[in-house]
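This document opens with one chain alone, in structure tokens, the form predicted on its own.
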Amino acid sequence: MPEPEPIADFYAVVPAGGSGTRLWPVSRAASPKFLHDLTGSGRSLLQATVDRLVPLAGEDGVVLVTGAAHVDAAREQLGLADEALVAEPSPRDSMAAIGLAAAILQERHGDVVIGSFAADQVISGRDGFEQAVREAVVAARAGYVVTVGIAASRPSTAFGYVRSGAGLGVDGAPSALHAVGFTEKPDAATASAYLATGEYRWNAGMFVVRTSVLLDHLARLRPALHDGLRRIAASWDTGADARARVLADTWPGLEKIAIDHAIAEPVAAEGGVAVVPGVFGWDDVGDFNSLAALLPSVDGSGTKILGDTSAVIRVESAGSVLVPASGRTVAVLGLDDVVVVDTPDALLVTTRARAQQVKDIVAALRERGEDDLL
């Protein structure tokens, strides 16, 4: 059976930002997690993201938005043309990143559909992913801001949730539902109550929308941000010098806000957001504990190793996450459920239960002025 054709007038935007502080010292500001192979697949998270988007958007339909410091590494991994790279001078959160890509694409191609897919997520089940995106595009063409809601496998407190309502009733998007609203990371009891209703799914931060719809909402809800992004986009393809001047004048003053808060939440309250259920495996690889679920077990002990398994020696130790990345041998004796990450200039030792708190180590290093380790 032949592969489905890419979707006409559809562009996949890949925001690649953040430093993955909960995955320190593997992930750092200069080499964030999306540039790393964290699953042992031989492809970085960024490469795997683009691999699954090319069949939907085509070879020329993927646009990467990343920090200027990461452009060279991303170019080396992906081989993208200059017009497929949007370099941010500094982080301004997801609304600025996605909004700028939307404005540039509208300048170039008119009113098209874009989908935003983070560069640092792990997805399994290609058919389910592609089906969800194709339905989301149909719903987006009907004028909705569309998100993909992931079937929750557990009452996680690490993810946000989107609540679904009645069917959307759009031909070609049979599973699409009205989105009632969004909730930030709840406590455990609330998350369990959510799942019991069958109305809540994890919010994976995937948004599919027509550029005109997104920019119109932005003009109405965040006019200063909209105007700044449109000004930058108008200069983007007029030459490097003109672009640099407008960026320097406009970018630092842009509001720093996530697309969830700027667009998704208020537009959902107005009835303008739809959710397509995603029936595929998804993980945002938020910490070393969640990383464990993505790696194969080295034996029956439940220990997971990212890297050279021959560099690890375990005696009476089980259920741990070990990353030997320094060239030294890592030996663990009599400890279960620990995390040991050994790099040339930093060693992290913690427990899987405290994996979310690794960000506190990064904060402590920043307070001490040890920026070379960040």
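Since the structure is predicted, the reported quantities are computational estimates derived from the model, not experimental observations. Numbering starts at 1 and follows the sequence shown.
A second form of this protein, the form predicted in complex with a further copy of the same chain, is not displayed here; the remarks below concern that form.
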Single option in Ala29, Val54, Ala69, Val332 placed near a further copy of the same chain in the model of the complex, where near means a heavy atom within 4.5 Å: Val332
Option from 29-37, 42-50, 342-350, 60-68 whose residues, in the model of the complex, bring a heavy atom within 4.5 Å of a further copy of the same chain: 342-350
Whether Ala16 contacts a further copy of the same chain in the model of the complex should be assessed with a 4.5 Å heavy atom distance threshold; does it? no
Since only the chain is shown here, I'm wondering whether Tyr11 would be in contact with a further copy of the same chain in the model of the complex (any heavy atom pair within 4.5 Å). no
Is the gap between Ile305 and a further copy of the same chain in the model of the complex 4.5 Å or less for some heavy atom pair? no
Using a 4.5 Å heavy atom cut-off, state whether Glu370 contacts a further copy of the same chain in the model of the complex. yes
Non-hydrogen atom within 4.5 Å of a further copy of the same chain in the model of the complex for each of Met206, Leu225 and Leu247: no
Any residue of 259-283 that, in the model of the complex, places a heavy atom within 4.5 Å of a further copy of the same chain: none
